[in-house]
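Before any questions on how it binds or moves, here is one chain, the form predicted on its own, in structure tokens.
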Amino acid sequence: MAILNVTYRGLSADLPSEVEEFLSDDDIRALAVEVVRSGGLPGLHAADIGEGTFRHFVVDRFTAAGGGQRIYLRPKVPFGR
């Protein structure tokens, strides 16, 4: 299981419940659309976002210092990927 963090419109939030760490990048993007639409991410709610909102976002996966898994969905930056 992993903690999903989504960054959108300059805000970032963790999903309160964990997700399967082996979800595909496309599954992560689709899940993010649903939780942002529904208000499932604390402080990050946008009921009107489209299905492709996160199409060009990057999915990063890390093992946290304590051994837990973290997944970050974030916009691409002008440097790096």
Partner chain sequence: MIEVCFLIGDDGAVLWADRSTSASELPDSRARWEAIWRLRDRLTVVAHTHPSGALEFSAVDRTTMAALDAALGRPLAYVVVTAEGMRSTHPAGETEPWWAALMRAASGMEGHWRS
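Numbering follows the first chain given and starts at 1. Remember, predicted model here, so these are calculated numbers, not experimental data.
There is another form of this protein, the form predicted in complex with the partner chain, and it is not shown here; the text below is about that form.
For this session: Would you check, heavy atoms only and a 4.5 Å threshold, whether residue 20 touches the partner chain in the predicted bound form?
Result: The answer is no: residue 20 has no heavy atom within 4.5 Å of the partner chain.
Problem set entry | residue 67, heavy atom within 4.5 angstroms of the partner chain in the predicted bound form | The answer is no: residue 67 has no heavy atom within 4.5 Å of the partner chain.
Problem set entry | Partner contact for residue 1 in the predicted bound form: the partner chain, 4.5 angstroms, heavy atom | No - in the predicted bound form, heavy atoms of residue 1 and the partner chain never come within 4.5 Å of each other.
Exercise. What residues of 4-19, in sequence order, lie within 4.5 Å of the partner chain in the predicted bound form by heavy atom?
Worked result: In sequence order, 7, 8, 9, 10, 11, 12 come within 4.5 Å of the partner.
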